[in-house]
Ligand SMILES: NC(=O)c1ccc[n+]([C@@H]2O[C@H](COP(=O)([O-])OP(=O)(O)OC[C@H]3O[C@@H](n4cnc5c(N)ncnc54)[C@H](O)[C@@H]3O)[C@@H](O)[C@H]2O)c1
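Only one chain is included here, represented as structure tokens and corresponding to the form predicted alone.
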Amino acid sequence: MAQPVRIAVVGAGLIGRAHIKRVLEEPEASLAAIVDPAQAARDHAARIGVPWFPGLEAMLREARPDGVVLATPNRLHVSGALATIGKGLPTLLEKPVAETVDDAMKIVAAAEQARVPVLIGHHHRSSLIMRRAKEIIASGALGRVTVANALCWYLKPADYFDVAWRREKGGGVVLINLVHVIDDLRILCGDIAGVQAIESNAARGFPVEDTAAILLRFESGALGTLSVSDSAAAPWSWELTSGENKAYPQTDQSCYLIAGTEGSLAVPRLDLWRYGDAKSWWAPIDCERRVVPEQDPLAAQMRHFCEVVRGTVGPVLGVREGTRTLATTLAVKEAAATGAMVRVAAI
């Protein structure tokens, strides 16, 4: 059996701790180091008996990992990724790729020139639910997809906004949360060609939005609606419906509806609705539920990253594709600001 790959985790905040946990639990991996200047990160490294470094460069010199997870604040993604790519190290880069498309393209150029794999941490790409939903749609069970509806509604507690940047430019529910839903819709329905959007901050009155409504035109010709709000007391979001993150209480609802000329699918419940011989709104429509085993997608993502580090597979979502998701999300902000239909630039 091959030796476990040595993974260093840079950034020991909420998502960084989640990655550290999965490295420790994954038989194919070992934790090479934790990198974070905070005393809490140093204490955590001491408790679990792994090297700690205050900065990335020192870790790269001394720890010599096989791969690196970058779970740092967004503003540090470019410098961190360029450093790990420069050392030839496969990298798991948390989403979004960067704060702007231009910055993200710097990572794309470096990774492609050096031929270093960069996996973008949209962990729903490793979700069995999403994979099964994609298989159902790809099988033709829905016919030609014509319309999609996505809900991302939840209520963030007041103390969530004690962190100042969440109330200010660069925060807001679109840039913090919408990127997940955009990537999910790209998995299910393909690339998004253009968007229109409106935003509101009426619920809290902060300088950034708490609610947004979006119209989508997919490259296939299908249309979609998407609404996101962190001021909605509601059960319809991926976090609450999928049951994949046990920190959230699970509801028995779905948050994405995809329909076509032959049937429709509710996700994550995987309810497949289809007519019998008579395809008409006058005829009965039947439901069949598909079931997948329960799985932790972050653990599956870490297992996949180990394979990427070994060079046995390519990233399920590489940096160029991850940049396409970022560009689509930023197009929503532009559309809300201008009131115009914004075409998503080719990446």
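Position 1 is the first residue in the sequence shown; the rest follow in order. The shown structure was predicted, so the numbers you read here are calculated from the model rather than taken from an experiment.
We do not show the form predicted in complex with the named molecule, though everything after this point is about it.
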{"query": "Candidate stretches 209-217, 134-142, 95-103, 188-196, one within 4.5 Å of the named molecule in the predicted complex by heavy atom", "finding": "95-103"}
{"query": "4.5 Å heavy atom contact, G172 and the named molecule in the predicted complex", "finding": "no"}
{"query": "Distance check, A38 to the named molecule in the predicted complex, heavy atom within 4.5 Å", "finding": "yes"}
{"query": "4.5 Å heavy atom contact, G13 and the named molecule in the predicted complex", "finding": "yes"}
{"query": "Residue contact check: S264 to the named molecule in the predicted complex, 4.5 Å heavy atom", "finding": "no"}
{"query": "Option touching the named molecule, based on a heavy atom within 4.5 Å in the predicted complex, out of S126, T72, S229, T84", "finding": "T72"}
{"query": "L76, L155, A109, A202 - the one with a heavy atom within 4.5 Å of the named molecule in the predicted complex", "finding": "L76"}
